[in-house]
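Heads up, the chain below is alone and in the form predicted alone; it's given as structure tokens.
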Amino acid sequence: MFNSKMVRLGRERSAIRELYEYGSLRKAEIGEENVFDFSIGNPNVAPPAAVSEEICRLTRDIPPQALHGYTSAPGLFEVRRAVADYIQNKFGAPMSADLVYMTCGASASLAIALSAILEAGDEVIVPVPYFPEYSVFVEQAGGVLVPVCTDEKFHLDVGAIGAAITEKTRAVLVNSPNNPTGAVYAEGEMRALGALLKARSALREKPILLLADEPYRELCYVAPPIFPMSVYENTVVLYSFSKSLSLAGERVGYVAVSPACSEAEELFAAVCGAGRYHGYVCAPSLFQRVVGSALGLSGDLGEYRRNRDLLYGALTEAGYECTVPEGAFYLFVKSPEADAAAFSERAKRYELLLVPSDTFGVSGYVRISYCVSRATIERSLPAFRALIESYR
């Protein structure tokens, strides 16, 4: 009677959203302060002051119809030009406003870009662990997700990527800083990936594209990642302001096609067509203007760093195994039992909401989102200690 695939997706929410909804109900039952919700990557730091100031200025100075009305389908040209100028000035990568498409966040960017480039049966290589919606977006575009391993610290295994490339490979999709591990891919590994893709693309009619999903670009505790367009010409950058500017609910981001891409104008036309096909046209007009004036800014990274250090130190002291996150606001913790879902269920007994790693394409870990108040982390530490003690 209805589209069975859509019914399945609607009933089987992602593990992250399922846990988030459970947490909302549990907070209503026993009080928010008694539930330690580490389920979702919802930034807790305030947006930069410039964001609030720009919202006030815009609502004061711009007529409502202009401020809240439709923009062109790819977005306001002055904002697209600001994004292109920022990329050129910040990263030294040539960029054109005519190749920037404003979107409703990174999810829309992913869905649009994948629909633009994939034909039935095309393969997309993704290092694991990966954001779970990648599989949904690749599948809806008719493609096949090909997971490849990373190293022991969750950095790229370029050899494994090379081994996974077939005649059906259309793109490699990378996410740095990474969700869920917090790994930041170093310049050397990104240059090695670019060299691999260039060499393998030279042997085929259509080049392999590099899709760079970068919503955490500004949230780095180590040297920031090299801009992907600097290491490989056939690159498409997918960006969101949800994390850097703490505007997760406002849904605004962009797709940027490198001018050096093979048939860049046709690729951008496909992006526009995919936006039209999915109904992702005219990103929120108010927040297009807001982000256009706040490029490169971010919330208080120091607060995330303090949360990271507190949680990592306390958990490792208690006996948990985890790698120090280099960016974003996630801690990827090894489960004390092989079944991460079972560990996540046991954690609920202590009111700890931890996302099992199976949803990220790898077994044996949980993801902890530490973009919460410091008080929440401090209150949660006895529960974490009791949880690990329950395995001894």
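Quick caveat, the model's predicted, so the values are computed rather than measured. Heads up: residue numbers just count along the shown sequence, starting at 1.
Form predicted together with a small molecule: not shown, discussed below.
Student: May I ask you to state whether R308 is within 4.5 Å of the small molecule in the predicted complex, using heavy atom distances?
Tutor: R308: no, not in contact with the small molecule in the predicted complex.
Student: Heavy atoms within 4.5 Å of the small molecule in the predicted complex: does S107 have any?
Tutor: Judged by the heavy-atom cut-off of 4.5 Å, S107 is in contact with the small molecule in the predicted complex.
Student: Are any of the heavy atoms in R251 no more than 4.5 Å from a heavy atom of the small molecule in the predicted complex?
Tutor: Answer yes; at least one heavy atom of R251 falls within 4.5 Å of the small molecule in the predicted complex.
Student: So in the predicted complex, does P228 come within 4.5 Å of the small molecule, heavy atom to heavy atom?
Tutor: No, P228 sits far enough from the small molecule in the predicted complex that none of its heavy atoms falls within 4.5 Å.
Student: Only one of these stretches, 281-289, 116-124, 172-180, 94-102, has heavy atoms within 4.5 Å of the small molecule in the predicted complex; which one is it?
Tutor: Stretch 172-180 is the one.
Student: With the small molecule left out of view, choose which of G75, P129, P215, G194 has a non-hydrogen atom within 4.5 angstroms of it in the predicted complex.
Tutor: Result of the distance check: P215.
Student: Here the chain is shown alone; which of Y134, F268, F154, Y304 has a heavy atom within 4.5 Å of the small molecule in the predicted complex?
Tutor: Contact residue from the list: Y134.
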